[in-house]
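As structure tokens, one chain now follows by itself in the form predicted on its own.
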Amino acid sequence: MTPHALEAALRAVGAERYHNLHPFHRLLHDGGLTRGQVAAWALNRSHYQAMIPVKDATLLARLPTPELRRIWRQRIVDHDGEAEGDGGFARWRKLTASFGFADADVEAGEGVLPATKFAVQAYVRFVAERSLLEAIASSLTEMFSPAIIAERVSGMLANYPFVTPETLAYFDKRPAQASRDVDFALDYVCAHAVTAAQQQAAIAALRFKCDVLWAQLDALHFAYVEPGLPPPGAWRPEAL
């Protein structure tokens, strides 16, 4: 494929598989969840948010040049911040704190669904073990995130009185950060995926990442919506 055709193929993965299509997200954005179900989403998503800089540090260690490492390390700064209380994960904890979750418990992953942990761990292992091209390609779900963020913020603010702009502060900076990150990752993938095998590997990596996100929502839906069976050790909405 030409680079243009490869980009189109990558974007087609999102149109088919991105988690904005999941029934749980439709309920979340359209006001179809209870406060407890939204809290369960915020808690479980927090584990993913906490592990993103771990994933990025894993990938950073594999980059062969200072130039590439300088570019990629900005992702870690975005999530971890430059100081205590700064960064994306700190802003996410404003949301979990609004439901009464203690920061220490959120950081420790207390009450998070086992399936959430398994999915996130699989993503970190993928980035550590697969080719650098596949690892970078897996990050390209960010191509699709600005649209879902806009829908999420507007929908949640309109439908849930317990959600405020302050508790959704995490999403304020993400569209611009994601756009910057996509510019680099997409250029890298299109430049380095030149054979048919490399191009198919990049597409498969992006499919895998979509599966990671989808699996987390499958677990939430099963545990907290239908049939509503949280496993032992998982947080329960009646705790609110």
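Residue positions are given as counts along the sequence shown, with the first one as 1. Keep in mind that this is a model prediction, so the values were computed, not measured.
Missing here is the form predicted together with a further copy of the same chain; even so, the following discussion is about that form.
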Exercise. Among Phe208, Trp41, Phe171, Tyr188, which has at least one heavy atom within 4.5 Å of a further copy of the same chain in the predicted bound form?
Worked result: Phe208
For this session: Consider the chain as shown here, without its partner, and state which of Met51, Leu27, Leu63, Ala215 has a heavy atom within 4.5 Å of a further copy of the same chain in the predicted bound form.
Result: Ala215
Exercise. Does Gln121 reach a further copy of the same chain in the predicted bound form, with heavy atoms at most 4.5 Å apart?
Worked result: yes
For this session: Decide whether Ala15 counts as a contact residue for a further copy of the same chain in the predicted bound form under a heavy atom distance cut-off of 4.5 Å.
Result: no
Problem set entry | Contact label in the predicted bound form: Gly81 to a further copy of the same chain, heavy atom within 4.5 Å | no
Problem set entry | Distance check, Pro114 to a further copy of the same chain in the predicted bound form, heavy atom within 4.5 Å | yes
For this session: Check each residue of 201 to 239 against a further copy of the same chain in the predicted bound form and list those with a heavy atom within 4.5 Å, in sequence order.
Result: Phe208, Asp211, Val212, Trp214, Ala215, Asp218, His221, Phe222, Glu226, Pro227, Leu229, Pro231, Pro232, Gly233
